[in-house]
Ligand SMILES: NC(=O)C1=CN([C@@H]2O[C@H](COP(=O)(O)OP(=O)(O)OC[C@H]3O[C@@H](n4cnc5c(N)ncnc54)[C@H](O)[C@@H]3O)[C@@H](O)[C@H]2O)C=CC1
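Have a look below at one chain only, the form predicted alone, in structure tokens format.
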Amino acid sequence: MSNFSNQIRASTSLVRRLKRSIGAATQARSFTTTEGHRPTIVHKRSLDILHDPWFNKGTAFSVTERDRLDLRGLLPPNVMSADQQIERFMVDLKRLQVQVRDGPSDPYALAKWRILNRLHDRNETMYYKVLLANIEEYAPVVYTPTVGLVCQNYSGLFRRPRGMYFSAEDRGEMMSMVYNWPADQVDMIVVTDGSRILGLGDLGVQGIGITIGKLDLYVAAAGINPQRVLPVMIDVGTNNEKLLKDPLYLGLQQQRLEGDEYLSVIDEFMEAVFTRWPHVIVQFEDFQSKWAFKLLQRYRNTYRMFNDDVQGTAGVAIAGLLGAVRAQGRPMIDFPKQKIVVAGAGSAGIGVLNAARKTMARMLGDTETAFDSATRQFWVVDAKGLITEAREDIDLDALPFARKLKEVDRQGLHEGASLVEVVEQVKPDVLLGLSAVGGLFSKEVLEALKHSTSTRPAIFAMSNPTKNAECTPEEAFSIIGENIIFASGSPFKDVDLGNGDVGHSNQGNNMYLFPGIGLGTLLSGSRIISDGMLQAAAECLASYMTEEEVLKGIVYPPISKIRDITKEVAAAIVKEAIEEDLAEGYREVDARELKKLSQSQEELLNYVQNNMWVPEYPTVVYKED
């Protein structure tokens, strides 16, 4: 009984925190929407509404609503408040999660995911209430790193369909298929082809778990209405031999389509969704490198779309790199002087390189000379070693960053030089990992970084999930010493350095940017998502930290502030879209009024706040079709 009593007390404490969080959210204008006080009209009653997670309120339906909706007798008689419902759920969660130990770093992670997923299936409002109030604890459960485990086991975990599946077998049918989705309006789609899920490789149709998790964060962080989001899997086959031989695999058991056949499927999908929902935003997620860049260039000037692995990862990395410059006691304008060694030349690595080079060039005057100067600040190492112009069959996306042989010789290096050799000779200010190779920053590599020309070198081990991180913060701080800046893609705990000192482990989570990019694009009505808008988002995040925080080595804010961060980033996106003359307005706010709003930062922030959905139960009214 004592253990269960402790669980009850812990859950009660959690509910108190949740009440305070919700209370603050209710008082702030940022957590209301223009739709928030309107009753919700539904066209279903009785068990149908109890089985619909969009409208189900469970025991929170009032007596009046129970009469209107033919629910009398279908629910226990006691009408419970949302807080009481959550208290019951949290007690049950704490009790059930201890029965299963099957997570990665958190032994209860998958158990938590299962329990939260069941709540998601029956009551979306309550699900997002719980997620938002406990975002630091549950973001790693609904997204990285636990979502990787979910995707690996998705065929076994699948219980209830969520989102849409478009496959190679559906060619010629997609234009009609999109009308099978029940929502008349969709604001945000996250789509994957399952070819490169996190650092786990080709998981085929099971990759839909990544799109579901991403949209959970759009709802929680950006306040995108959950009835207007759509997770999508495009199944063009899989090259994963294990899945091809698994009789329980849920996807097409055939080799992946390639070339024009592949493109025709994606083209048809894009035409179909933008025909039904012309103002939707499509985020591409976890496409393998060879398609990530090609599809981005193919669609970005025609549709409202972006690739989070290429552009979102780049933006978060740029924000961290700018923060690292500040943490080294220098102004952000000194960023073009940073020497950066990059490990990894996949879609994420090249995306970061392109964005960082553009940022440097912009700071240097945005000329051709500035661009060339910025390019020389990067040393790129892939699985074959240092990339130089002598490399045969070099990837075209990596070609601009291939070092000239004269430069390499002067540095005492050679084509294919190892990461250790490059770090020893270049003595970089920053070691940036986007390789998806766990432990790549070995003891030898980290010891080589001790000779950095910077008095406070930065280590960014950005690969996900946790097992793919290039090194841990404990390894970095123990080998190099306390005077470093550390960031990773997955969450790690801070390091106790002794004597009360803390080695801060910053998480460069894409969650800091992609919700704001999506929300800002939506609220601006921008026709496309431009490089300038993405740059504005990164600079906004970099400026979010105070001088005192960055000098302590804190370059990313706490996840607990995610709604405020998203609000600021979205406002920066809207402002840049207006300046680039891309904004066309949103709903009743046309482009002219939006431009007027943007002249006051306070009014612009209020505009963003007022359009963020909040998980509160609406009054439900029945109406015949």
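Keep in mind that what you see is a predicted model, and the values were worked out from it rather than measured. The numbering used is simple: start at 1 and walk along the sequence shown.
Not pictured, yet referred to below: the form predicted together with the named molecule.
Checking G148, G251, G346, G516 against the named molecule in the predicted bound form, a heavy atom within 4.5 Å turns up for just one residue: G346. This chain is drawn without the named molecule; in the predicted bound form, the residue among E475, D382, E268, E421 with a heavy atom within 4.5 Å of it is D382.
Interface membership of A324, defined by any non-hydrogen atom within 4.5 Å of the named molecule in the predicted bound form, is ruled out. For L440, a non-hydrogen atom is located within 4.5 Å of the named molecule in the predicted bound form, even though that partner is not displayed. Contact annotation: G315 falls outside 4.5 Å of the named molecule in the predicted bound form, judged by heavy atom distances.
Put simply, G489 is close to the named molecule in the predicted bound form: some heavy atom of it is within 4.5 Å.
With the partner left out here, the named molecule still marks one of 257-265, 193-201, 547-555, 75-83 in the predicted bound form; by a 4.5 Å heavy atom cut-off that stretch is 193-201. Site residues G163, M188 and V229 are none of them in contact with the named molecule in the predicted bound form, judged by any heavy atom within 4.5 Å. Interface residues of 423-453, taken as those with a heavy atom within 4.5 Å of the named molecule in the predicted bound form (partner not displayed): L434, S435, A436, V437, L440, in sequence order.
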